[in-house]
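Shown here is one chain on its own, the form predicted on its own, set out as structure tokens.
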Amino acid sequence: MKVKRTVEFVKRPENLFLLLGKDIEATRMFQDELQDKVRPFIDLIDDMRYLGIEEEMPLPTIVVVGDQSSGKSSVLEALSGVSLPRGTGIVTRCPLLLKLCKDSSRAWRAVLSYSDKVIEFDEPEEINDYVQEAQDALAGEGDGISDELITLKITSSVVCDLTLIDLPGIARVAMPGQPENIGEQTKNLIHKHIKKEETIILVVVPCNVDIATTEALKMAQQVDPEGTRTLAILTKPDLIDPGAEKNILDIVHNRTIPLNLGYVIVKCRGQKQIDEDMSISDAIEDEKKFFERHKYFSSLQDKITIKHLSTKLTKSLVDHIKKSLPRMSEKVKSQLGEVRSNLNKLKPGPPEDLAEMRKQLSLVITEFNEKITQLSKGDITVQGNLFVLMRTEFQDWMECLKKSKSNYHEAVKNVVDEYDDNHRGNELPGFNNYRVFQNVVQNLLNTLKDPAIMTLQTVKDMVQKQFDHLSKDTFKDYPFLQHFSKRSIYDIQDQQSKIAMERIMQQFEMEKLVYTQDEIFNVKNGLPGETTAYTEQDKRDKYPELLTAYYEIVVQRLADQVPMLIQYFILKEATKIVCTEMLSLLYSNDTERILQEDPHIETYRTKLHCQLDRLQLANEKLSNL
């Protein structure tokens, strides 16, 4: 948007300044001499701010703070040569970055920018409306505030080279329509800016108030107790009570509250002069005459007038920038190294060519399959050694079997002791029913089923967890592959768990047959083997010993067989099936979707590249200064 309007000669700021004669010409000559020295430093910071380097580090700047009605707006008007929003309550409702650029070769023009809007115009009278419109857009209509920045760049032949940020005045009491905590909001916003070591704090204090009670100066002292980066502007010297001038002199001469950057007294337009339409240029001339005639202040020379303030501010900002350059350069280089390192850690995004996509998909799946196969063999570890963890569970299973032995021995002994009274069937005296003792074995086996299934479930969860972790690590940049592999792992483990459970149950059913080779049974009993006569073994008092020997065989079979079934189906077979499922993706016609990145990764990579570009440009500008 560009607005053009015909305005009378005397209403243009540069023409108004021309009317002031030799004094303005002298100022122009002085500023022209300074321009070549100071503009590169101010431009550097403005450029870095435009690049967005403030996201990486704070930049040297001047921040204007003051209580409400302290005269902030009048000071900024005098410095910029244009009228800014005025009124009661909070007038500045958003931070206003005011960039003043001296350019003798160009007519007055301004650029206002905020959010994604950029407005160019060449009529000073338009500023007030545009700033108000920007504040309403960012902070809402009314008296609310926002921490979003409005930038106003003014290019003119008569302004000084200077950039500063105007902040909302400190509110003490909420006005109608304002939130109750408006005072806290303004203080938080101010503190956010002035706490940075790179910030010069420009405190505006009226001469007709007790400086020690000024909230703005108190806040400055909290973050800058030595006063090394605080400059105070004393406004409204015409409102000083007679006899209080010496107190102001003590303040200006740093005898009351010492500040390294000192004090400057200025006299800007008052409300009466504004109502009478006094121009800013006339106000500057009025200020000059006021100090020339003042009994106490005329001798202060370099501590009075807007003209001196503008020169002092420019010099202070440039000195501050120069001091900050080594630290800024070091910080930029450090950030560059960190950003490059973070980019190197990220895998490249998916290729655009379909053939390259298929090649990359093959590489990614192959990597996963190799890792999961190595995991199943114990060649790599993921969140602990899987085989050590499984062995612990299998040892617990073995302990369960060992504990069952004493129960088994006791049950057999009771059957023998109570056989004739409680267990004898239709057999003749002296004979025994083998099924009675078979039932003892079968009943005890039933009690071992649940521990076996619990072992299966525990190991299954353990393996699945490690498979999942491997999937997340390998496919962290590919959400589809991660989701697909995770779902496949879950389904396959569920399927293999059912098969393993069925086989374990079959094993228990087979154990109920109460069978082992005679030779194995005899060896367990310490007998010679196949040639042994069995007559001695048929005696009832030998049954507990014989059946206990048999149970040792059962325990040995279960101790090995259950873990072997679990490992075979849950680890070995599951691994092979998962690998096959993953390989099936290579034949898909939807390779692009399969390789689609996690949006967060893509956003993060883009952010890093933008950050890298900013820092590289900043580093180049710092190196070329």
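Numbering starts at 1 and runs along the sequence shown. As the structure is a computational prediction, the values presented were derived from the model and not from experiment.
One more form of this protein, predicted together with a small molecule, exists but is not displayed; see below.
Asks: At 4.5 Å between heavy atoms, is Asp238 in contact with the small molecule in the model of the complex?
Replies: Asp238: contacts the small molecule in the model of the complex.
Asks: Taking heavy atoms only, is Gln271 within 4.5 angstroms of the small molecule in the model of the complex?
Replies: Looking in the model of the complex, residue contacts with the small molecule include Gln271, since a heavy atom lies within 4.5 Å.
Asks: Is Gln68 close enough to the small molecule in the model of the complex to count, meaning some heavy atom within 4.5 Å?
Replies: Contact with the small molecule, yes.
Asks: Is there a heavy atom of Ser73 lying 4.5 Å or less from a heavy atom of the small molecule in the model of the complex?
Replies: Ser73: contacts the small molecule in the model of the complex.
Asks: Quick one: which of 588-596, 60-68, 40-48, 572-580 gets within 4.5 Å of the small molecule in the model of the complex, going by heavy atoms?
Replies: Single hit among the candidates: 60-68.
Asks: I need to confirm a contact call. Of Ile145, Val158, Val266, Ile200, which residue comes within 4.5 Å of the small molecule in the model of the complex, counting heavy atoms only?
Replies: If I apply the 4.5 Å criterion carefully, the residue I get is Val266.
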